[in-house]
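As structure tokens, the next two blocks hold two forms of the same chain, structure 1 and structure 2.
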Structure 1
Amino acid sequence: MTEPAQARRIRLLIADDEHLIRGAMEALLGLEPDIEVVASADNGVTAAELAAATRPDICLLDLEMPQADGLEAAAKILAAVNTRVIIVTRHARPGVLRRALASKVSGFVPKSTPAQELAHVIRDVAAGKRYIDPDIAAAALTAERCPLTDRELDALRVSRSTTSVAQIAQAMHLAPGTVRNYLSSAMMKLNAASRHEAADRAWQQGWI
């Protein structure tokens, strides 16, 4: 072999909207001898563009980002580029992990992970393994599966950004009464006392 082990470094893309954190991760991970940061973005859209342009081995995506969140970006990237995705998140809502895994994400870690361990995870994933933070996995497994129907989820989603039932109905092209029914049944299933509470709860669980 003419090529030492060092020569084939892990090419890494980092996406996080907070400059301080992104910079810190770049600096700390760049310090590792076998990791090379080849791109960094502050939102999901440019992350996808840069991934297409630089074809990194691993993409480290923050879940909470403007324009396109980590999951949307992951979907776009994985469809276009042969790479692996690790999602980093602040609040690990159980349902999100389920959706992340469904879209072929390879790693899922909270921001409470020490940088040292994050480097380990990156190496593991680069080697073809998967890594899911044990706490998040446990939470996702103990968490009950979503009891809501598609339209109920839709209604809750829309209700998060609107005030009146009339607006929700208009946005969904439905009769107001129908919307109230969906919201009502969702509230019953989640035993919430108002649609806001229901929407909150569904969001906390990562269902919307």
Structure 2
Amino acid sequence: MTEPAQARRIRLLIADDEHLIRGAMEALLGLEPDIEVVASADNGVTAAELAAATRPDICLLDLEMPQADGLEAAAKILAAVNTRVIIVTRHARPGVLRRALASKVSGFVPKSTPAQELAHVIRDVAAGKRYIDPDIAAAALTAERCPLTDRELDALRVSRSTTSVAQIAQAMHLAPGTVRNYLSSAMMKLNAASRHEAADRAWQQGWI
């Protein structure tokens, strides 16, 4: 009598820049009989490269990572690999969920989620379902709507890592005058005294 074929395991990539947390997730999820951790990374760029190389079923990405955050990494991965992405975050800023859903992320959970519950979420997402933590979803529903245009958001996003309008313009491939107009408009809409204050508020709301 032949033994039944073993069910295919869910191939998982984990990316988190906090080594202790990443190691704990690898160890705990690796104990699940139907989950196999095939790669891990400590930044978004490496996560995208490893996803292309290993082609996992699920990518479990921390939201806040260096080089490319979880949503930036998710966009790169989903454009190149047939996989599904779950975002894990410690600080669920309201607007981030909307950005995540727009980028076709399949799951959004807090880092406080127990490992066994996270394993269930991974199984559901691997089966084609979507999972959004109820508390995060409720906060997103009552959050302030973003009044900024995409280009205004882009200018504020770049301004968080550069020191001059000229550098922002170079990064966005725009004229400095155009960038000043975007920044001035964003400051006015957010009632901010400086572009840095506007960028901080947009970040706190999860818009960038």
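Here, residue number means position along structure 1's sequence, counting from 1. Whichever C-alpha set is largest while still superposing within 1.5 Å between the two forms counts as the rigid core. Keep in mind that this is a model prediction, so the values were computed, not measured.
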Is the form predicted together with the DNA structure 1 or structure 2? 1
Please say whether, between structures 1 and 2, the C-alpha of Asn181 moves by 2 Å or more once the core is aligned. yes
I want to check Ala51: does it shift between structures 1 and 2 by 2 Å or more at the Cα, with the core superposed? no
So, superposing on the core, is the move of Leu20 at the CA at least 2 angstroms between structures 1 and 2? no
Per-residue CA shift, Glu197 (Å; core superposed between structures 1 and 2): 5.8
